[in-house]
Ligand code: HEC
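First, one chain by itself in structure tokens, the form predicted on its own.
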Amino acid sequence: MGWLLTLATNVHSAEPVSEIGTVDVVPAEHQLGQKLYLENCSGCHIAIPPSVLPTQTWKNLLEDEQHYGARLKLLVDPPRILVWRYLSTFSRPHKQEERTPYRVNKSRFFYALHPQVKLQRPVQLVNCLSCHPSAREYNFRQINEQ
């Protein structure tokens, strides 16, 4: 499997598009979970591939209605289960002694996915667009050459 395990999706319609925007295609059994993830997360911010944060982070985010300073209505079953299956399948475990990161800039996976990238400014989701112009469409494969 590749580093980023997602199918490019148009976040406005959440319909799969023909271009694969990240690396690997999501199998059919996880596509609805991915669609629900995108519908629920990309309305407020850029949805990041599950592989950028560890599994425990995603679990905590799904269970906590306090979300980075905003109060969210939690997903309920069955959508919650589908989103969890998608996120847990394509995220990564973290070391037991490691603190669970809640920000991309605290995730060692983010840095592993960006080897030899000299970051021009502090890591924030909005900054993804400076290198990945199609990040809002969940396409992280297209990269601006800097």
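Note that this is a predicted model, so its numbers are computed, not measured. Don't overthink the numbering: it's just position in the shown sequence, from 1.
The same protein also has a form predicted in complex with the named molecule, omitted here; what follows describes it.
Undergrad: Does any heavy atom of Leu113 come within 4.5 Å of a heavy atom of the named molecule in the model of the complex?
TA: Yes, Leu113 sits close enough to the named molecule in the model of the complex that at least one of its heavy atoms falls within 4.5 Å.
Undergrad: Would Tyr86 sit within 4.5 Å of the named molecule in the model of the complex, counting heavy atoms only?
TA: Contact with the named molecule, no.
Undergrad: Considering non-hydrogen atoms and a 4.5 Å limit, does the named molecule approach Val117 in the model of the complex?
TA: The answer is yes: Val117 has a heavy atom within 4.5 Å of the named molecule.
Undergrad: Can you work out whether Leu82 and the named molecule are in contact in the model of the complex, taking contact to mean some heavy atom pair no more than 4.5 Å apart?
TA: Looking in the model of the complex, residue contacts with the named molecule do not include Leu82, since no heavy atom lies within 4.5 Å.
Undergrad: Run the contact test on Asn40, Pro49 and Cys131 with a 4.5 Å heavy atom cut-off to the named molecule in the model of the complex and return yes or no.
TA: Checked in the model of the complex: all three residues contact the named molecule.
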